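Here we start with a single chain on its own, the form predicted alone, put down as structure tokens.
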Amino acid sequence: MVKSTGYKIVKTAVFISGTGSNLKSLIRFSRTNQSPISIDLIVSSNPKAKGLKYGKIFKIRKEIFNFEKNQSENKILATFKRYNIEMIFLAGFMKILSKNFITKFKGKILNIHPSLLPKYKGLNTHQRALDNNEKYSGCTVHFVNSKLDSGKIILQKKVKISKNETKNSLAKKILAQEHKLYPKAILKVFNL
């Protein structure tokens, strides 16, 4: 498919494990005129992920894989081949992909993380930022490599931590910024 702007649309998959709010914002973005991507597949590690409902709402194929078993990555690769998936966006995906899988998609997997990397890699980022009396936190879109939350940073957005901030209020503030940052980072990757 080629958009009216003249560039080829890149077929992508979004990996989720939870509510899918970043997935929803990526789907909306993918359907705008300036988007260089289409979302052709939703992959979840969790059969009960609330975000799977967006597959039904937006008529996008969904696949659920058990990431505890190694053969699931081979099944994913076979599925990707079938749907010509060229790029992956991780959006609240709570599993770690194998080095082998990441190598096959080198430079084509993006992740959004709820902290200003390299600070607070991994889980529980908001509480850790509050425990350390940080004045700012935020979110980061980065390329995925084989080290956890360590790939090359594409874009970041800083969020001020207010005086009576709780981990929930901070999470909400940062999530609102994530929804804006992910599409901007995608445009940056495509030099648009």
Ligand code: GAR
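For every residue, the number given is its place in the sequence shown, counted from 1. Since we're looking at a predicted model, the values are computed, not measured.
Missing here is the form predicted in complex with glycinamide ribonucleotide; even so, the following discussion is about that form.
Using a 4.5 Å cut-off to glycinamide ribonucleotide in the predicted complex, each of 21, 94 and 114 places a heavy atom inside that distance. In the predicted complex, glycinamide ribonucleotide sits beyond 4.5 Å of every heavy atom of residue 9. Contacts between 159-192 and glycinamide ribonucleotide, taken as any heavy atom within 4.5 Å in the predicted complex, involve 175, 178.
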